[in-house]
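Only one chain is shown below, in structure tokens, and it's the form predicted alone.
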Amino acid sequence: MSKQKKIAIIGAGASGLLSSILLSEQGFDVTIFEKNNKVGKKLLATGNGRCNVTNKNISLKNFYSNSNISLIKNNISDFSYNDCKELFNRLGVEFKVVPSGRAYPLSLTSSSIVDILEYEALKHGVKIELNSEIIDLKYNNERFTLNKNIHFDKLVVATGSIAMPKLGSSESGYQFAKQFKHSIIKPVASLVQLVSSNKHLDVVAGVKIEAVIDKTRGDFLFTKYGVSGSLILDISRKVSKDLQTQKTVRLSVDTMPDFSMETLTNMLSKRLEYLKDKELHLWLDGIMNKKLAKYIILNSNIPSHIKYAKFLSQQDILKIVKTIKNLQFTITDTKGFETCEVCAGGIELSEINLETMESKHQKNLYFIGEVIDIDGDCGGYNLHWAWSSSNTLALNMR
């Protein structure tokens, strides 16, 4: 491959950096244009600063699209967890895998990933132009012209989505795609906290439990504005979609999933025998967080004059058990693009040749990463798509 074939990559995030390395290894002359003053700003923030690189349990079922998700089956199968691990080992990153399957750099710092990717790119001769926003793009005479005077043979759009604009994200990738007649699925916030109109949330704010919603289990965090935690992030895609067509969404939360209603009923009934003189929230203290106990009582429709456990009827106990197992939340909104980790939506999947990542509308134009209408579960899956699509691109670039 001749160095004379010049490739421009717009965006120095996860997919932009990795693809630049893989393409330069094949002999392409690669330049990355990044509008921020440093590379990988969003990558630095992922995994709470630890960078959840991938997941040991990579499967097609962890990815979503408004199109037929099976279209990316080969992209995922051709770049498995072991392939990802081998690649990053070669670059100098060792993985630490936690029981859930999430893989982090052994250093547990996202800067390790960013620094290594930047180092490898520069080592392979990639030119990284910082503070370089592309505001004008043209295609003439089989060449792309960026900002009216920079010419390239091929163009890779790796701009990401509009999630977390404070880290420099924007709609630029969607606009470039539209310029070449691509359809854009309107993005909605995914992997995002949810806003609730429930009363008394200040009573329980800050409490974190393990809970279940619609058979999905994970960490559930009560906040003053609503709910958060890994469980909420996992279901937020569907909630965001539902909120597009309805004003509110109802969630039913099992706050004690390891106990059946019958077991809880027997447990609480027995507690009446020797804890009957305790106030209601103290009567529940010892089986759940005391703040949560207050919130459960407030939401159980127990008559306000009942202050002590000894005055509870069997019907009251059943009300409390039902609230514990089916705590209701009215969701009115998400926290939006400002805080979401990814977006659901983007460039229409069927308009991209997924064997090469090349546009079906424009020769020598490629799209990779989150700018495409692909998003994944919380747990390293979205970054794996960035790596996977970069791998597909590099293997098939001619």
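In this text, residue numbers run from 1 along the sequence as written. Nothing here was measured: the structure is a model prediction, and the numbers come from that model.
The same protein also has a form predicted together with a small molecule, omitted here; what follows describes it.
S.K.: I'd like to check something about Ile352: if you look in the predicted bound form, is any of its heavy atoms closer than or equal to 4.5 Å to a heavy atom of the small molecule?
M.R.: Output for Ile352 is no: heavy atoms all beyond 4.5 Å of the small molecule.
S.K.: For Glu94, is any heavy atom within 4.5 Å of the small molecule in the predicted bound form, or not?
M.R.: Answer no; every heavy atom of Glu94 is more than 4.5 Å from the small molecule in the predicted bound form.
S.K.: Does the 4.5 Å heavy atom contact test between Ser388 and the small molecule in the predicted bound form come out positive?
M.R.: Looking in the predicted bound form, residue contacts with the small molecule do not include Ser388, since no heavy atom lies within 4.5 Å.
S.K.: Taking 4.5 angstroms as the cut-off for heavy atoms, does Glu34 touch the small molecule in the predicted bound form?
M.R.: Answer yes; at least one heavy atom of Glu34 falls within 4.5 Å of the small molecule in the predicted bound form.
S.K.: Heavy atoms, 4.5 Å, the small molecule in the predicted bound form: which of 67 to 75, 322 to 330, 259 to 267, 129 to 137 makes the cut? Say which one.
M.R.: It is 129 to 137 that comes within 4.5 Å of the partner.
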